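One chain comes next, on its own, written as structure tokens: the form predicted alone.
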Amino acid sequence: MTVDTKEPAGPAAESQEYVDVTERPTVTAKWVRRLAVASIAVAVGLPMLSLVVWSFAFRWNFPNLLPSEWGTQAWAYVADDSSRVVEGLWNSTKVAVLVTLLAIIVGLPASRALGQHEFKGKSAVEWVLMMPIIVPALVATMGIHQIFIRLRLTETLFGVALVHLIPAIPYFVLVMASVFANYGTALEETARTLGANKFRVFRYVTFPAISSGLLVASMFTFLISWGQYVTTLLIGGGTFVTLPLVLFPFLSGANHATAAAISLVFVAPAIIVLVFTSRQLGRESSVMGGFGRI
């Protein structure tokens, strides 16, 4: 007689939930990301901290690590009407917003055509769009200066906005063309089949899908317009004052405190736009794929 030596079967093993280990960042990846973020913070924060200290410095002689005397004379000058800083800030904001709106109106149809359609001469159109990036801004502005004079667009808000649109539109179209290249039109066709007009299709179907890319393109356009100096000087004629026109003379002067204070005013809106854009891009997008929060 044989004896069954098998042990009695134990309780059924509990089911284990499958976890994809590739979804969990490794310790090395986490430290690399933290190091990258810290490096960016230091690279951006140290110059900003130096500007803040300089803006409140009344006397700062070598080799002192900190100013020997502090003061608010630089900020008092910035707030004074004679400095034209507030006027330049307001004009720069108006121009940048107008350029962004013009880029959306002009660039959206062009970027959709380049991103979703193949047509004869497409390469030539793309090269023409790249010309404002290849050709120096001074050369392009000098070429259209006489035309703007005849059209009485010099020394005007609209004229300055148009000349800012030249270097800004290629970046807008490039970003949005890549967005439309990854955008499917099936939902639009379905909406039209159900009776939606063009406006409702764009409002409820197209715009939500391309909003992340549109935000990135608008940010680029705003920042490019915000930093324009040569084009504003030539078309504005020195009478239409923007913030770069106020800032640049102080950069070569001896008044470092005033230059630092105006520089902080100059970079503050750009940082606000960048932070706002990065936070909005934390939302997932089917077209952009999500960028993550900064």
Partner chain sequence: MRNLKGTAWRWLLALLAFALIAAACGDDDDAETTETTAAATETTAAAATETTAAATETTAAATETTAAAAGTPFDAPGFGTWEEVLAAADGTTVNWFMWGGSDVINANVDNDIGDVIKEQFNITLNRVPADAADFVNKVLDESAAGVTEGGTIDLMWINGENFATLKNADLLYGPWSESLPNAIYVPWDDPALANDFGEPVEGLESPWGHAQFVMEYNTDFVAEAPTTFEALQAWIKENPGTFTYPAIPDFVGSVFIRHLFYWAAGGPEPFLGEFDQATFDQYAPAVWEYLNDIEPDLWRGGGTYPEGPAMADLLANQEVYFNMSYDPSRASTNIASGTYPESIRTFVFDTGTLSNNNYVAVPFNAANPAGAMVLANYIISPEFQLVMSDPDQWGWLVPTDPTTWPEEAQATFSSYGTGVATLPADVLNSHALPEPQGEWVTAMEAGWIENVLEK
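Numbering follows the first chain given and starts at 1. What you see is a predicted model; the values in this text were computed from it and never measured.
Form predicted in complex with its partner chain: not shown, discussed below.
Chemist: So in the model of the complex, does Thr28 come within 4.5 Å of its partner chain, heavy atom to heavy atom?
Modeler: No - in the model of the complex, heavy atoms of Thr28 and its partner chain never come within 4.5 Å of each other.
Chemist: Heavy atom to heavy atom, is Ala124 within 4.5 Å of its partner chain in the model of the complex?
Modeler: Result yes; Ala124 sits at the interface with its partner chain in the model of the complex.
Chemist: Flag Arg84 as yes or no: does it have a non-hydrogen atom within 4.5 angstroms of any non-hydrogen atom of its partner chain in the model of the complex?
Modeler: Residue-level check for Arg84: yes, a contact with its partner chain.
Chemist: Since only the chain is shown here, I'm wondering whether Trp70 would be in contact with its partner chain in the model of the complex (any heavy atom pair within 4.5 Å).
Modeler: Contact with its partner chain, no.
Chemist: Considering its partner chain in the model of the complex, which of Ala79, Ile149, Leu101, Leu157 comes within 4.5 Å of it through any heavy atom?
Modeler: Here the answer is residue option Ile149.
Chemist: Within 98 to 125, which residues come within 4.5 Å of its partner chain in the model of the complex, counting heavy atoms only?
Modeler: In sequence order, Glu118, Phe119, Lys120, Ala124 come within 4.5 Å of the partner.
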